[in-house]
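Read the single chain below, which is given as structure tokens and is the form predicted alone.
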């Protein structure tokens, strides 16, 4: 605020079109909000034909920051050090004892924002001018056409020019002259965005002239055709994103259930443990490391989530599962009870409410491909992460010693034991691996949703469906099933709604399993021998 006061002092000596005390008071102290809004608009419109007055911008910023007081028909800008300056002259002033705060409601804040955007059109920074032009285009007003024309005459940047032309065309949509309205529709039709579609639809509802309505309808049809591609691609990406989440959740189950034949109803809770491990790493970074390192917490959270879930899985296998091999019903009941214990344990440690896990800054925002299609970075990262995990699991199963032992024990436990494979240890390693992958799924899910004790319950059923549909024990089938169900579900959601889409997918799976009980790929593994 000291800078503001200094700038006002310097500007006091400039220009013949300085902000007057009466203008400043009417903008801040008029009784009615509409009167204040009119005063602000008049002051900004005056800039279209006069030398721009920087003091007006400074005063509007002070208004937006609630740093203006009024007393005795004058407005004062008050700094954080409680020192005041005269809003009109910028000179230091003594704030009267009866000075009153200026209160802005939402309507006035919107007016002030637009006024600041209009003034920013004459600024030196291209980015600020672009932002200002976009703001004016989003909220068109015929009273700003003169100001926009002046900005267009001086503007050199093509991007800002295009936005200004769009703002002018949007403002002319309500013109009384038919040709101007038709010309405005032609300009806006080239800007095929959802915002333009909304603007033209609003105009179409009020338009009475048949010729203009015809032009509006043709423009809206062209925009709708263009936007349809963005919507279709968006639905496909959403399906792939959902499929990658299902893939992550089902990969661990493809090992514990698909290869080992263990119906692990606690798989969802292993996912939950991975999510909470991610939360703990985030908290540790927030409390004990510099803020600049926070963006790296996810890099450490990935192995921590894997190890936490793998450790719990190993304890589960050693403590319970190993005594129940070959008895799937008892395994189901035992792991269901364990899942309840794990949920209650987490509730006791962290509470029943969800905990917040933030995205690192490099996962925020999105990749804009089309006007109505922006792919969120966190979703893109999860798709990539899912396929990296898939590649790692496939490599481990096909190329490593542990993978060889797992396949050997799965196909013929007695023969594997005869050739020296420690089958009990292999079972523990395999179960811990499947559990660790569930932890990785939890780490990924923490970046796109809430983390709570019930997190795993949302994915346990879908995980079993993916494994069964893909073919028990088949990684390739798991991939096809996860992505297929994800894309199919999202496409049906856009057509029938979420509930009917879920029912339709379940019916599809039931019919498919009836026709092909072994799933997409043939059944292999211990279950096949049972």
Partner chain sequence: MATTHPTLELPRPAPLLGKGGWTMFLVAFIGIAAIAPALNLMVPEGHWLHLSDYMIGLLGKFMCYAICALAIDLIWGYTGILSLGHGLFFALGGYVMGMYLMREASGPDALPPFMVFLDWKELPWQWSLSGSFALTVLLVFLVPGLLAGLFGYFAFRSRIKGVYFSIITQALTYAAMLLFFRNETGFGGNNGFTGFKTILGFSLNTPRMHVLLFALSGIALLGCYLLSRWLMQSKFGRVLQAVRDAESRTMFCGYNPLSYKLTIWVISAMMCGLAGALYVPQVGIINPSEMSVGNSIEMAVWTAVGGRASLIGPIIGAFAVNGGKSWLTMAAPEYWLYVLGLLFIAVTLFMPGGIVGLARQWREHRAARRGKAEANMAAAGRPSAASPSSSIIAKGARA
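Positions refer to the first chain, counted from 1. These figures come from a predicted structure and were not determined experimentally.
Not pictured, yet referred to below: the form predicted in complex with its partner chain.
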Contact test in the model of the complex: residue 56 vs its partner chain, heavy atoms, 4.5 Å: no
Distance check, residue 145 to its partner chain in the model of the complex, heavy atom within 4.5 Å: no
Proximity of residue 480 to its partner chain in the model of the complex, heavy atoms at 4.5 Å: no
Touches its partner chain in the model of the complex: residue 218 (any heavy atom, 4.5 Å): no
Listed range touching its partner chain, judged in the model of the complex by heavy atoms within 4.5 Å, from 101-109, 230-238, 393-401, 256-264: 256-264
Partner-contacting position among 152, 373, 320, 363 - heavy atom within 4.5 Å of its partner chain in the model of the complex: 320
The unique member of 178, 161, 214, 347 whose heavy atoms fall within 4.5 Å of its partner chain in the model of the complex: 347
Sequence-ordered residues of 303-330 touching its partner chain in the model of the complex, heavy atom within 4.5 Å: 319, 320, 323, 324, 327, 328, 329, 330
